[in-house]
Every structure is written in structure tokens, then in C-alpha cells.
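Below sits a lone chain in C-alpha cells, taken as the form predicted alone.
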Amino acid sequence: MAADEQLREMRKELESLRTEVGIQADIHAVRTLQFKYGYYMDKCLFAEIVDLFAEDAVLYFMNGIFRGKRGARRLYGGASGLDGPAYGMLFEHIIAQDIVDVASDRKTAKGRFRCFLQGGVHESKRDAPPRIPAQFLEAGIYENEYVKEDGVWKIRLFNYRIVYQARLEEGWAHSGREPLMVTPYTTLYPENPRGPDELRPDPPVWPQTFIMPFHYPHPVTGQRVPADR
């Protein structure tokens, strides 16, 4: 092989390696972004959470759709009245089993994460917000989308689906459709100052069957796994 041809091959290989390293750096950044979201949620750091979202973000939570950072501000902190860590309140989010896929242009990404929440109110606390059980568990799935703005990854689509909520004493075998801590939305913003911009049907929860749609194809067959079976 001629020297100039070898040089071309080396340049192609170097460019391919640069691209792969960049993609891996993006995957790490998106994973870290989502994990930091969980740590902020632990301590009800709602202002810090809102700053994680893109200006045109869309947030799906329960039967509500919130749009933009204004919608995010209404969603976070609106239900419990908390803003920052509070004595006797526990909201430990364990976020794991992450799958992140970055677009070829490295400007957007999609991620699927599992969340397990341990929450409750210490027996010594006398002024706990209403509807928060003394001890409860929650499991859920995130299917989010992310965008790189000025070199910084942010959440553009927040799509969290609760799988179940249950009081610890009863366990998930006795969980019901009525959510803990919050109630389904019935009115929109601005009639409801904390309400969503749109309503949607209540997503199914355990014991109902459902598949949170996968953003990625099957890794072997390349086919999309249907979410309606």
C-alpha cells in the first residue's frame, strides 16, 4: 500500500475514533444529567431541576402535559408545597438500568431509565403535607429525549410513567389506581395555577398491563417492539 493511501486510511480511522469517543462522551453526559435530576428530586431542589430543561421542553406527568420552562415550574413544587429539603421528609430516587442512544448528528438523544423511589414522613414530624404516606414505594420508567444547546445537554421531553405506588405496610400487591401524594388533574392552567397546559387520558398502572414504548429497536432483529400487545 502506498504511503499516501496509508495516510488516508489512518485519517479515516482517526476520524471514526473521534466520532465514537464523542458519542461516548455524549452518552455519559446524558446519563449524568438524568442521575443528577434524581439527586435534586431527593431534596426537592425544584429551581435546580427546572434549569435542567430546554426552553421548549414538554413534560408528561400522570394525565397532564406541561409545556416549556413555565410548565416545568408549575409542575415542580406545586403538588407538595415543598421547596428544598425538609425535616422528616424522605424521597430517595434510585435511577438505574439506563439505555441512552445519541443521534448521528450528536445534537439529540433518547434515554430509557428505571426509577425506584423510597419515600415517607418520619414519625416525629407533625406538620407533614397532606396525602403523603408515612412509608411508601414507587416504581416508574422514564422515556426521555434530550437536546444539546450551546454544547450543554438538557431534557427536552420528560416522559415519566408510574408503574405502581404502594404503602410499605401493604405492598404493591395492594396498590390501586388512586395515586399517592397527588390527585389527577381536572382543570388546566391558568384556571388551575398549578395545572397542566393539556389533559390526556390517565396512563395505566399496575395491575393493568402496558408496555412503555421503547425508543430503540430490538438489538438482534432490528424490529420495533409493539407497545399495544
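When you see a residue number, it is the position in the sequence shown, counting from 1. Please read all numbers here as calculations on a predicted model, not as lab measurements. In this text, rigid core is short for the largest set of C-alphas that superpose within 1.5 Å between two forms.
Not on display, but discussed next: the form predicted together with another copy of the chain.
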Item to check | Proximity to another copy of the chain in the predicted complex, single hit among Lys148, Arg73, His93, Arg156 (heavy atom within 4.5 Å) | outcome: His93
Item to check | Listed range touching another copy of the chain, judged in the predicted complex by heavy atoms within 4.5 Å, from 166-174, 196-204, 181-189, 58-66 | outcome: 166-174
Next on the checklist: Contact with another copy of the chain in the predicted complex for Ser124, defined as at least one heavy atom pair within 4.5 Å: yes or no?
Outcome noted: yes
Checklist entry - How about Ala128: is it within 4.5 Å of another copy of the chain in the predicted complex, going by heavy atoms? => result no
Next on the checklist: Taking another copy of the chain as it sits in the predicted complex, is Ile132 in contact with it (heavy atom to heavy atom, 4.5 Å or less)?
Outcome noted: no
Checklist entry - Does at least one non-hydrogen atom of Gly120 fall within 4.5 angstroms of another copy of the chain in the predicted complex? => result yes
Checklist entry - Are there residues in 193-215 with a heavy atom within 4.5 Å of another copy of the chain in the predicted complex, and which are they, in order? => result Trp206, Pro207, Gln208, Thr209, Phe210, Ile211, Phe214
Next on the checklist: Is the shift of His218 between this form and the one not shown large enough to count as movement, that is, does its C-alpha move by 2 Å or more after the core is superposed?
Outcome noted: no
